[in-house]
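Okay, so here's just one chain, in structure tokens, the form predicted alone.
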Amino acid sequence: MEVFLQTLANGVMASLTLALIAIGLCLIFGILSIINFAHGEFYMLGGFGVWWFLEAHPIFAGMPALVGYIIAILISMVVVAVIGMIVEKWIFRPVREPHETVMIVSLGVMLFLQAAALVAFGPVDKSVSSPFAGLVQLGTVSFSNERLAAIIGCIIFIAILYVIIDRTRMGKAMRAVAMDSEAAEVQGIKTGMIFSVAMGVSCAIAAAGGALVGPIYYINPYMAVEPIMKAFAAVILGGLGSLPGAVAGAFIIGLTETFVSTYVGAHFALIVVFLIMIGVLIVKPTGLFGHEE
């Protein structure tokens, strides 16, 4: 039972972190109709952003560790959002048609960001000092504070995104553009601005995921290679364009991988994950929450 509960906690954290990447991918696809292979690199930049502000240039050294960490996350999200908006406007938008072209361009952006991070930060793994030292004891099971903080942080950011999409005027405009961009433009919605905002929001959410796991995992230019692969699987499993589907897919993949790694072996985990995805798509090609056009 102790191992089960510990594995469950790790699986929930992995699932929520994966969900932050997956819903960003889903948002970009739903609104911009872009399959963005470079999305994981914005997750990576979020991790490096927190490391930069807290370790390389500790400008918040005089503040309480938790306050400095939160500020570093927020600043990193803003910086990465701006980078994402620049990429969307000046790189993706001119080549959005045909879709094959923008997919190839996104691969180029991915490789460029990896190389830029390698040059800027070096090949050595980086680590972030955790402001959440200690453990939470629940009976005979111990949970690290940093993992619980990552779980809480992911839930907060997912909830904020839901509020933005479902309750705000900007979110309604995003949904309108996702349904029919031409009709939305006729109604006076500035689709170009919506494209940029959607890209910025999705990149900021991905950066939050990288920042939240900074105190838990090592940060390096290639840290997003495996998470982005699993995030694509989560989006496909849940149904392309469905935000609830992306979250559900992330939980299926995150929990499955964690439990299989613990009880069977890490080398089997990804095999089982993708077998599940293939099995679901054979039964329901549109994914769990997808629907026929």
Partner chain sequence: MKNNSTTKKVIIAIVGLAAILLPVFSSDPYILHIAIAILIWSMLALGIRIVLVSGHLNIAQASFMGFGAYASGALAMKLGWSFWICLPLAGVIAAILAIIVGLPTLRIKGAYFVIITLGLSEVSRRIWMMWDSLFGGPQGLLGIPPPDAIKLGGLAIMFNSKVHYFYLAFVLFVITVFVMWRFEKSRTGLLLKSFPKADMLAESSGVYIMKYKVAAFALGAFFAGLAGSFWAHYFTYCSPWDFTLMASFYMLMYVVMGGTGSIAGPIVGSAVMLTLDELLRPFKEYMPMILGVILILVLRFMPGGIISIPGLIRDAVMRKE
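Residue numbers count along the first chain shown, from 1. Keep in mind it's a predicted model, so treat the numbers as computed, not measured.
Below: the form predicted in complex with the partner chain, not depicted.
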Q. For the chain seen here without its partner, which of 106-114, 145-153, 127-135, 199-207 has a heavy atom within 4.5 Å of the partner chain in the predicted complex?
A. 106-114
Q: May I ask whether T168, E182 and V247 all come within 4.5 angstroms of the partner chain in the predicted complex, judged by heavy atoms?
A: no
Q: Would you kindly say which of V67, A56, A266, A61 lies with a heavy atom within 4.5 Å of the partner chain in the predicted complex?
A: A266
Q: Have a look at P94, G122, G188, G139 for me and say which one sits with a heavy atom within 4.5 Å of the partner chain in the predicted complex.
A: P94
Q: Consider L255 of the chain shown here, and say whether it contacts the partner chain in the predicted complex, taking contact as heavy atoms within 4.5 Å.
A: no
(Q) Under a 4.5 Å heavy atom criterion, is F37 part of the interface with the partner chain in the predicted complex? (A) yes
Q) According to a 4.5 angstroms non-hydrogen atom cut-off, is T286 in contact with the partner chain in the predicted complex? A) yes
Q: Indicate whether the partner chain has at least one heavy atom within 4.5 Å of a heavy atom of I236 in the predicted complex.
A: yes
Q: Would you mind checking 255-286 for residues with a heavy atom within 4.5 Å of the partner chain in the predicted complex?
A: A266, H267, F268, L270, I271, F274, M277, I278, L281, I282, P285, T286
